[in-house]
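Below you will find one chain, with nothing else, as structure tokens; this is the form predicted on its own, and questions on how it binds or moves follow later.
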């Protein structure tokens, strides 16, 4: 499949501050793409630049082949956007809000919106002003996930939701993907990115520091150990004789005090090789997204 979102060298400056610092990324059509990073990393600035809400200081971006700045109307006709803090009409009842957004959105669908609201156990008879923060979030989610837009952009969609509702939202995201939508999923919750995303990008200080396939990350194990006296000779021999094994291995640390390697793929096929490693206190653990995220934040 082709890329539905492309950003090339996006730059956004506010005086001397660079909110985006030459950021480039692409999102494959039909995927769920995770966007990770701490507050102030540039995630929301990126999203607003893609939607044409703000003008980048440099670079370019496109959605569905439309230029995000020069053809922003066409871009937004192909996108359903859930902002981090959705603003809804306070005196409208929930049912009226769903009907309004279904009517004005070219991809809107009232019946589908009502079905999403029912799945989220939302009381649509209540006026927005008298809804809790979580209820308003569920109403905004129903407005967005009920559309047939090719691209859904969700900025912190599960904020203010309890764990059961979070699981329902992730289920709805997967359903949207199965029906053909592409989803840009921005979240601080690492477990959600692991559960629902195909690919993820970590953004720091306005730039991409790492993009990875989530299924590959799940299949990666980290091996820690203390080298024995024969370690250096064994490792030198391994470099010569076990090139097929080393194709799956990344060495993170290798000195007289500590050995740390990552193994990508099924750990079972490397167990015999691991049993021959002259290291003590060996520990093998799944890498997980938290390790990847923390290593990026520390190294950058």
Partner chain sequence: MLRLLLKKYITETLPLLVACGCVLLMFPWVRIWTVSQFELSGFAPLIEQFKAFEKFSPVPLAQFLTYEGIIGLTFAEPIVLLCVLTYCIARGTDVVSGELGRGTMEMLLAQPLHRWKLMAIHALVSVTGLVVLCSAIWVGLFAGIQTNSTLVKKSQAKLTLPGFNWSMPNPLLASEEVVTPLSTLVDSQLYIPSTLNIFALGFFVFGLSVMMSSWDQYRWRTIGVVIGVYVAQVLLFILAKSTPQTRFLMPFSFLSAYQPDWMVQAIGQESMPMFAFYRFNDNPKNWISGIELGPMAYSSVLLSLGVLALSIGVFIFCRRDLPAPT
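Numbering follows the first chain given and starts at 1. Note that the structure is predicted; figures quoted are calculated from it, not measured.
The same protein also has a form predicted together with the partner chain, omitted here; what follows describes it.
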Taking 4.5 angstroms as the cut-off for heavy atoms, does residue 130 touch the partner chain in the predicted complex? no
Is residue 53 part of the interface with the partner chain in the predicted complex - any heavy atom within 4.5 Å? yes
Do residue 180 and the partner chain share at least one heavy atom pair within 4.5 Å in the predicted complex? no
I'd like to know whether residue 77 contacts the partner chain in the predicted complex, with contact meaning heavy atoms within 4.5 angstroms. yes
Residue among 159, 217, 88, 228 with a heavy atom within 4.5 Å of the partner chain in the predicted complex: 88
Picking from 181-189, 94-102, 116-124, 208-216, which part of the chain touches the partner chain in the predicted complex when contact means heavy atoms within 4.5 Å? 94-102
